[in-house]
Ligand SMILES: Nc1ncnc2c1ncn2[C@@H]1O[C@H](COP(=O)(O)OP(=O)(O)O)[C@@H](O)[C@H]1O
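Heads up, the chain below is alone and in the form predicted alone; it's given as structure tokens.
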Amino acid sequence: MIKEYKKFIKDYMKLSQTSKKYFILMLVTATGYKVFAILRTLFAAWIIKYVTNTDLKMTTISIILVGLSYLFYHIMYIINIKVYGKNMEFCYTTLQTRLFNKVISVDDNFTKKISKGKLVNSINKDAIDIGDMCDQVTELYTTIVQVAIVEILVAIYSIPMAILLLIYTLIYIYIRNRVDRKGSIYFKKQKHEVDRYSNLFSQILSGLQEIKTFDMLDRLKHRLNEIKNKYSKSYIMKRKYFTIRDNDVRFITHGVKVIFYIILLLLMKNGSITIDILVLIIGYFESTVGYLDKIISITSKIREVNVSVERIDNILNYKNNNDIIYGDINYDLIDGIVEFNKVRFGYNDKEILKGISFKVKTNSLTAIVGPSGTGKTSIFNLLLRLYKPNKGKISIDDVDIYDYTKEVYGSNVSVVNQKPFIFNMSIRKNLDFVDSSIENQIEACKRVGIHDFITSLPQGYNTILRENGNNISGGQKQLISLARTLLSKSEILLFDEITSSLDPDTASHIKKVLKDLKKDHTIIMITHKPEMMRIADRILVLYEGKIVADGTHKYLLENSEHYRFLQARKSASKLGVFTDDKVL
């Protein structure tokens, strides 16, 4: 048991990075107020002793000592609470920062191994529980000290009673710890089902419209009920063990109390102890019961929090499949010439890109097209430096893209996705994340054609967008996202299926915006839309990880069977709801 909890505490201290200053202060103050609580019982016994002996002077001194023990108890307790608050804030803030930094640095496989539900629950509930654990650790240490001091004090007055108290203590701790260990297994299962429920529920909220359209509600309710049933079974099993724990220990405690009182009365009858010693030992026995309850409560909490420690450790120790080391080139005057030279890339033993080469000029619009799974998204992921190629070289302005600093590269390469993310705040604040200049924001919005719409709103740029911008149309959301991208001053703009879910009028407007943007940007877009392919200066046709055709729309219509097939289809995209599959 000791070895097990020592590991729990060691893992916690390593993860939480608790300040030694706070930990020592909490340990000292907790020890202080607990010692004064023990002395209070001793001084109370002295009062009985000296009152019985009609010793007024010593009775008065004992009363003063009781009063001082109360005073110092509360002083130490207040200091302990304040230090605990500071430490809680420190640990929680530190963990939140580490989790946030980890999440923004991981690769695409992260959410395949760690569900979003688990991640959200860990950032909220688990981080709070871990921040609270330092208080539990200091309470455990100091309560054990309390029990040890009481055992010594009882032994001073009566060895037999001390032995009986020690036997009771060991039996109590053994039974409760054994059952707690089994109960914690089902507690961990509860946490897992909560993660699954949160993950599925968040997906339902994201795809509510599609769910209603395709009549998925009954099947989803069934899946939610399956999760709830598993949670209930785990909860019932946990409660079963905790009920056994509480009932068995209570029975033992009551039995020991009866034996304890009988022995005390026999000792008092034969003159081995006096009335004040009787009161003192009974008081310490009752205190020990309380201390042991507290120890088990604390160890149960530590065991539960250890589940949270393991969960957050699992997140923080996640290893990217392809760690990116940023370079030191800080040159920011980039023209935007993009080149792939014999690039090969794949993961999970599957090669996706098979030695592709192409060069994109500045002030041009290049479309990357092809059936799903041919490597289009992988090209974007490589350009965004989410991965490194297995072979070959990717360069911008003849410089390897991995030689640029993180700041320079991030400010020169931006992506606009099919479903852009909009924060639940005002339009102005959504744009502030990139550039807080009101003049620049207006200029960007005018250029993409969303300014007039924004100013027509009652609160203009101060209009609050609902979560993910669902109080505006998809096209308006896309244009706001595009304006936000322009504010980044990026030379190279990547567009990933940005018109796939837009109405024809908005899609037509987007085409005009892209034609305008290519005047001073390098634009590369992935599209399945034949009408979007036609506006490109150059089209790269991918098939099974290779570039099988390269040219203008007119040239490819005449010379590429693959391209003619893409043009003949209305759309190659498919709607997927609640799937972890990635379109490559």
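If you're wondering where the values come from, they're calculated on a predicted model, not measured in any experiment. For the two forms, the rigid core is made up of the largest set of C-alpha atoms that agree within 1.5 Å on superposition. Residue indices: 1-based, along the sequence shown.
The protein also exists as the form predicted in complex with the named molecule; that form is not presented, and the subsequent description refers to it.
Could you tell me which stretch in 484 to 492, 176 to 184, 348 to 356, 426 to 434 has residues with non-hydrogen atoms within 4.5 Å of the named molecule in the model of the complex?
Stretch 348 to 356 is the one.
Though only this chain appears here, would Thr377 touch the named molecule in the model of the complex if you measure heavy atom gaps against 4.5 Å?
Thr377 belongs to the contact set for the named molecule.
In the model of the complex, Tyr157 touching the named molecule (heavy atom, 4.5 Å)
Result no; Tyr157 lies far from the named molecule in the model of the complex.
Give a yes/no on whether Tyr387 approaches the named molecule to within 4.5 Å in the model of the complex, heavy atoms considered.
Yes.
Contact with the named molecule in the model of the complex for Ser372, defined as at least one heavy atom pair within 4.5 Å: yes or no?
Within the cut-off, so yes.
For Gly410, is the C-alpha shift between this form and the one not shown 2 Å or more after core superposition?
No; that C-alpha moves by less than 2 Å between this form and the one not shown.
Is Pro371 one of the residues whose C-alpha moves 2 Å or more between this form and the one not shown after the core fit?
Yes, the C-alpha position differs by at least 2 Å between this form and the one not shown.
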